[in-house]
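Presented below, as C-alpha cells, is a lone chain in the form predicted on its own.
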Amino acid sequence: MEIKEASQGARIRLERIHDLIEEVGQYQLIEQQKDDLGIDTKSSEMDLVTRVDKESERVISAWIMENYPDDGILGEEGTEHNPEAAYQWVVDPVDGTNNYAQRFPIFGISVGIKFRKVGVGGIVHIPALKEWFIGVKGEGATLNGKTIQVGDKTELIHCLAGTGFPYDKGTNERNNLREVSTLIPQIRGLRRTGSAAFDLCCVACGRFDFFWEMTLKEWDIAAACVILEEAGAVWKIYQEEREISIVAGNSTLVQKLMPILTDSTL
C-alpha cells in the first residue's frame, strides 16, 4: 500500500472516531468537576494517572478494536494490541494529566495513526477550549477546520517559545534547567502549558514559534508530529539518551536551536 492510500485510510479512521473523541472529551470535563478523581502515581510522585485516563483509554481502545480489529493500538495507560499490524493507533487519553488533576483546563486527547511506522494522521482535541487540531499526511493540517501554518520568524529574540520538564527532574541533572537558562535571555518569552501535544500544535498554528522538551513518549507526539509536518514545521530529536527529546519549529529556527540544545557543556 502506498503512503497516499495509507493517508486516505487514516483520514477515514479519524473522521469515524471524531464523534467518539468528542464524547470522551465531554465525559472528561464532567468528571473533572467531581471531588474524587481517583488519582494515583506511576513512575514517580510527579507522574499522575486518574481513573479518567484509564476509562478514556478503555473506551477509545474498545471502539478501535470493534471497528478496526486488524489494526494495532499503543496506549499510554497500558493498552497494547496487535503490535505487528500495518496501521497502528497511538493513544494518549489525557495529555496533561497533572493539569487535569489540578482542574487546570489545558489537557487533551491525542490520537495518532501510523502506517508501517510512518505517521499518517493525527487528532489533538482540547475539550475545555473546544479546539480540534487535525492533520493527515499529504492533506494539510487544520484547527477547527481552518488551515494552519507554522510561524515564519527567523530570529530567536522575536520568538515566543514553549517547553516542559521531565518527571524525574528532581533526580536527574539532565532536567532542562540549563537549556532554559541558556535560552531565556535569547528569546522574547517562554510558556509552559503542561501538555506536550498541545504545545506542539501551538507551534503548528503559530502561537508558539518553537517548542522543545526531553523525555517524551511516543503517545505524546504521534498525533502532533503529523500536524506539525502538515503545517510546514520540522521536528528533530536533539538527544538520544533522554527518550524522545524533541525540538520543533520552522526549519530556520530548528537549525539555530540544534547547536544550543546539543551543546554537551550544558
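This one's a predicted model, so the numbers in the text were calculated from it and none came from an experiment. Position 1 is the first residue in the sequence shown; the rest follow in order.
Omitted from view is the form predicted in complex with a small molecule, to which the following refers.
Partner contact region in the predicted complex: 91 to 99, out of 178 to 186, 123 to 131, 149 to 157, 91 to 99, criterion any non-hydrogen atom within 4.5 Å of the small molecule. With a 4.5 Å cutoff on heavy atoms, G72 does not count as touching the small molecule in the predicted complex; it lies far away. Contact between F104 and the small molecule in the predicted complex is not found at the 4.5 Å heavy atom cutoff. Among residues of the shown chain, E213 is one whose heavy atoms approach the small molecule to within 4.5 Å in the predicted complex. Using a 4.5 angstroms threshold between heavy atoms, S195 counts as touching the small molecule in the predicted complex.
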